[in-house]
Structure formats: structure tokens, C-alpha cells
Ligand SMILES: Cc1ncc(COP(=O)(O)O)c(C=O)c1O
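Quick heads-up: it's one chain on its own, the form predicted alone, in C-alpha cells.
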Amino acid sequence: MAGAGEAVVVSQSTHVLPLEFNRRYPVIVRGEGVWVEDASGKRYLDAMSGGSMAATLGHGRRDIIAAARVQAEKLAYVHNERLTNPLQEQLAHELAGVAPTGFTRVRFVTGGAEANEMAIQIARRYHVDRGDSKRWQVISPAQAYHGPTMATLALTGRPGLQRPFEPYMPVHPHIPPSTWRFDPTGEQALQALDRALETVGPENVSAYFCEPISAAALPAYSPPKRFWEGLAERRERHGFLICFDEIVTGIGRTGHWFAAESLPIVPDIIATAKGLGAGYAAVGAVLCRQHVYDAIAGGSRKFTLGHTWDGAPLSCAVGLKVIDVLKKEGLVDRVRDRGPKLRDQLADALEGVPLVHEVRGRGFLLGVEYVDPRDGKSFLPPELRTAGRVDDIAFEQGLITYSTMPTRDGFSGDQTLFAPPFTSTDAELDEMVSRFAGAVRHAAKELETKLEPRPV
């Protein structure tokens, strides 16, 4: 079988259609706790929870595997259009219990993009069932990522992601993020929001859609308090909904069950996924507040769009066990308590590296932002792939990280995510920080030889 027995797979040696044809893919064959091992026997510390922030409880959890096995032997699948099952009902009850106050209804999906797309659909259904059918536009931050479907790609204002798919996408307005570089107070973003509302007409806006704390597109960034307050004021004035993409931040990642709990605003709809299955099953959910449900219940009384595996017993059994583990082991509290120290450790380890502008974050969702060391603020030349080199060096040193380089989209530059499993011990976190700092310092030294001095 092509690629199956190899230590590294390249596009020419596999029947898999790879994400990047020029990349070499090490073959990972097993995992235990926060460690994974490739086919050559080399072990890696997983500082990215499976690479996509989904494996929040680490690898090889026998209790979660056992819960899935027991349910699979009893009933693995039934479709939820005409049937329900105890696991779906129980998981909805558990999620409503840990969600912010007022979230009373849950709809299950099988992944993050599906959850975000369903959130858009529910917002639209809400307005139509209230007799406000003109509302369809969605305003969102430009520097974002909400998934690879056409509807979710349309929610980002990043041309580098959208090409060549623009002809298939609805055109929505976007506003710039309130970063330290462009808008530290949030006032310019509010002005941009007002302009967007005026351009499309506030009566045509269905929702404002965003991550409460960003993940891949702008690691561990959240707008300042003033922006959230202004957004809430505009929702009250204009009647649109606020949808939170908590695909990454939901189910404990920031030290709260949902990141919405830590902000001065309450959304109307929350989409979540990754942490709900913790890497053991494909399951996500969309939660809505009672008034959203009431509008649909008083209108069409149906929302039949969905996917084959939505609410299936097997995936819901995993979700239930994940929540049980988080509660019994106190892991959400662990992330909230340990997160600030982890951020400080990372900042201390990178102290004095001119390449590093800041280390920010909440809980176990941290971001490291790089700048041109010649002036301490400019974007790095994208052709140097600085953040990509950090990943490459870290991987050589047995550490899995994830970096992003969206410089050409205009709102942010090279950055790295640091998002370890919640079950990481202090010693394992210390080792992740040490290896990562070594990789950054190595990349910084390489960079010194590539950057020409700027004219005085």
C-alpha cells in the first residue's frame, strides 16, 4: 500500500491527495498522553493537541475509548431526522448546563465548519421566522478563519484563502481587527463596523460573526473591552444577532467552558466542535439562546437541514465522556489556573529575542507574534517564511507546533500558536517551553544572516 509502511510520505508516494504537494509528511503511528511517535520510532511532544487543537485530553485515553466501544456495541448510529437517542439527549442537557446562562437548545453536527455554517443558517431562520426576511448579510473580522466550506470561507476577508473560490461565495463585509499595530482601543473597528452597517443597510444584516478569542488566523487575540461594549450597543440598536465561533475555544481551551464567559458580552449563538470530541470522535454543536429558539418555534417550527452523522449515539457517547473527564479531573480549572503561568514562562523564555514582539493568550491558547527585528514593529518579509522555519526547527527538535504567515492579507504577520493538551503535566509544559524557545532562538539567528541592515 503506497505510503502506509514509510516513515515519511511525499505526494509522489501516496494515493492520498495531500494538502501541500511539496511537503514531506512524517507518518505518525501511535500516541500516549502528550507524546506521539512516528514510523521511525522518533517521539514528539505535542504542543498543539493533535496539530489542530482538537486532542485536548491527549492521546490514548482508555476511558474515552472504552465509552466509545461500549456504545458501538449497543447502538452506533441512527439518523436524527425521525429518531433520537439517549446519548444525544444527555449530551444536549450537559452542554446546556455548562454553557453561559440563557443557552437552552443544542443542535449537533460533525465538525467545526459545519457548526459555523449551521450557526449562519439558524441566524437566518431566526430572522425569516420573525418576518424579517431581508436580513442575510453577515459582518465579520477580516483576519479570521472559520472553515473551508464556501459559506465559512466567505466569512473571512483574506484573499489568500479565498482564491480561486470567490465566484462561489456570497460577498459579506469585513472589518479590520483591533490589533496593537493598527487599533489598540477598538474605536477604529467600531467605526468600520458602522461604515459596513451603513453600506449594506443595517436592516439587511443578519449577524456579526467572530471568534471571541482567535485561534489560527490571529493566535490568542481578542478585541479590547470597548469594542465588545460597542458591538453590544449596535446589536441592541440594529437588531442583528451575534454569533461566536468557539470551535477552538469552547469546552475548556481558555480556562472556561466557553470563552464567552470571560467577555463583557453575551452572544446569541455559539458554535463549537474540536474539544467536544477531544480528537476521539467527529462531533460539534451549535447552541442558541432561548429567544432564538422561541422565534423558530413561533414561526416555521422546523430546521431540517443537517448531516448524516449529526447527533449519532457513538459520537455523542464520546462527547459525554469528554465532559465527564473534564469535570471529574477538574481540567477546566486546571487550564484557567495554569494558563497565566504558562504564558509568563513562555514570555520569560523568549525574553531578549528581538524577533518576538509579544506572547499573549488565555488558558492553554497562547500566541507568539514576530516582528522585523530591525525596527521592532514591521511585518517580516513573507518570502523568508520565518514562522514556518520555527515550525521546521521545532519539529526537528521533537516538538509539534503550528505557525501562520498571513502577511499578504494585510492585518497580521508571522505568528505561532501554542496550544497543549489540558492533561499536560508541569514537567511536560516546561519541556515544551524549553524546546520551543530553542527553536525560536535558532530561527532568530538564521534571520540575522538574511536581513540586510536598513539605511539610517
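Note that this is a predicted model, so its numbers are computed, not measured. Numbers follow the displayed sequence, beginning with 1.
Keep in mind that the form predicted in complex with the named molecule is missing from the display, and what follows is about it.
Undergrad: Which one of these stretches, 140-148, 356-364, 169-177, 101-109, sits within 4.5 Å of the named molecule in the predicted complex when only heavy atoms are counted?
TA: The contacting stretch here is 140-148.
Undergrad: Whether residue 386 contacts the named molecule in the predicted complex should be assessed with a 4.5 Å heavy atom distance threshold; does it?
TA: No - in the predicted complex, heavy atoms of residue 386 and the named molecule never come within 4.5 Å of each other.
Undergrad: Just to confirm, residue 113 within 4.5 Å of the named molecule in the predicted complex by heavy atoms?
TA: Because a heavy atom of residue 113 falls inside 4.5 Å of the named molecule in the predicted complex, the answer is yes.
Undergrad: State yes or no: in the predicted complex, is some non-hydrogen atom of residue 211 no more than 4.5 angstroms from a non-hydrogen atom of the named molecule?
TA: Close contact exists here: in the predicted complex, residue 211 approaches the named molecule to within 4.5 Å, heavy atoms only.
Undergrad: May I ask you to check whether residue 122 falls inside a 4.5 Å heavy atom distance of the named molecule in the predicted complex?
TA: Although the named molecule is absent here, residue 122 would stay clear of it in the predicted complex, with no heavy atoms inside 4.5 Å.
Undergrad: Only one of 259, 248, 322, 285 gets a heavy atom within 4.5 Å of the named molecule in the predicted complex. Which one?
TA: None of the others qualify; the residue that does is 248.
Undergrad: Could you run down 266-289 and flag each residue that has a heavy atom within 4.5 Å of the named molecule in the predicted complex?
TA: The stretch 266-289, when checked against the named molecule in the predicted complex, contributes only 274 at the 4.5 Å heavy-atom cut-off.
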